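Let's start with one chain on its own, the form predicted alone, as structure tokens.
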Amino acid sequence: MKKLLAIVSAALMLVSCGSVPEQKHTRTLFCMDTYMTLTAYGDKADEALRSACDAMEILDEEWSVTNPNSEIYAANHAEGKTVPISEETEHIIKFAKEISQQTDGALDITIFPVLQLWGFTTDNYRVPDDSEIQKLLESVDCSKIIADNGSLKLPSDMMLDLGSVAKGYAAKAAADVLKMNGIKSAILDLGGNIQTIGLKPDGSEWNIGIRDPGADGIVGTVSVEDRSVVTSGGYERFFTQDGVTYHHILDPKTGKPANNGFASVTIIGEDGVNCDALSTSLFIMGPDKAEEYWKQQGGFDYIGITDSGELILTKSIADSFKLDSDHMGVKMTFVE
């Protein structure tokens, strides 16, 4: 936490009233198991981007499941003992628990051992027996996590992974650093997680492509200002065995790849952490439950692409979405 505060303080010192928005600066890094590209505009953008990258790397160090010095690694190997955690770690775990409760368990950060069983964490893929899956599912229940007052305790047979929420949190942290440095225009690409700040330097909205999960290219673009756009899809990581394709988004109720009707889900909203969590959650829910959840909770928009290629999107985002010229015949259903 002290390191992160130091970075934020340094960013504040960089603020300059003489910014030149049209100056473009870009930084790339590998963080949270993905390649990231951060682009910002302004005469202090380069220094601000460096601070933003530092902030994300600190979070990565705290949340890595493979780094023995991380807080999550420590908790996963504590054999039921309590370990100290930072404010950021406590906050994101509490948030993940709340989303899990709201989504009836569609998102659960304790699914990690089942992901390991399938080989999605090591690329040593295999289709496990149902008995193996069921045994591990007995320990999947994030409500049993105790995170409070700077400490974390897991049941001895439980392991967690923040992958379903970490990039959203990191994007928000990076955006906050940039904004405190006076950056008015930026786009952060965190490997499927897009965070925009303000408008483009020319005053127009950012056009974010929505990938076609069944082929190369995009199905369309969504125009946004100061929004997060996060997509989850089975095409991101998968393997094929005996002619059957298995993707990495596991349903915590079954321990198997979610197969509820969505090929991808894109969430558009102000809060990148919420968008990250909900892209996974709604994908697992499927079209009907996703619509029900949106009508109950609101506060975001979504674009779902079904297994058959149909687009389902919230009516409030319709005017900002434009189909690609190669997909003009695609069926579109609006949720309102």
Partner chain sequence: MIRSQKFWAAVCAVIFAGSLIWCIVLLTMKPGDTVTITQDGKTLYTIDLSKEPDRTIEITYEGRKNIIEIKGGRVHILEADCPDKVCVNTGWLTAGIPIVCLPNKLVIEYADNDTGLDAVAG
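Positions refer to the first chain, counted from 1. The shown structure was predicted, so the numbers you read here are calculated from the model rather than taken from an experiment.
Below, we turn to the form predicted together with its partner chain, even though it does not appear here.
Enquirer: Tell me, which of Ile218, Leu117, Ala263, Ala74 has a heavy atom within 4.5 angstroms of its partner chain in the model of the complex?
Expert: Among Ile218, Leu117, Ala263, Ala74, a heavy atom within 4.5 Å of its partner chain in the model of the complex occurs only for Ile218.
Enquirer: Within 4.5 Å, heavy atoms only, which of Glu61, Asp33, Glu292, Glu270 is in contact with its partner chain in the model of the complex?
Expert: None of the others qualify; the residue that does is Asp33.
Enquirer: I'd like to know if Thr231 sits close to its partner chain in the model of the complex, meaning any non-hydrogen atom pair within 4.5 angstroms.
Expert: Close contact exists here: in the model of the complex, Thr231 approaches its partner chain to within 4.5 Å, heavy atoms only.
Enquirer: Consider Lys81 of the chain shown here, and say whether it contacts its partner chain in the model of the complex, taking contact as heavy atoms within 4.5 Å.
Expert: No, Lys81 stays farther than 4.5 Å from its partner chain in the model of the complex.
Enquirer: Taking heavy atoms only, is Tyr169 within 4.5 angstroms of its partner chain in the model of the complex?
Expert: Heavy-atom contact with its partner chain at 4.5 Å: absent for Tyr169.
Enquirer: I'd like to know whether His91 contacts its partner chain in the model of the complex, with contact meaning heavy atoms within 4.5 angstroms.
Expert: The answer is no: His91 has no heavy atom within 4.5 Å of its partner chain.
Enquirer: Tell me, please, which stretch of 152 to 160, 175 to 183, 134 to 142, 237 to 245 lies within 4.5 angstroms of its partner chain in the model of the complex when heavy atoms are compared?
Expert: That would be 237 to 245.
Enquirer: Listed by sequence position, which residues of 121 to 152 have a non-hydrogen atom within 4.5 angstroms of its partner chain in the model of the complex?
Expert: Sequence-ordered list: Asp123, Tyr125.
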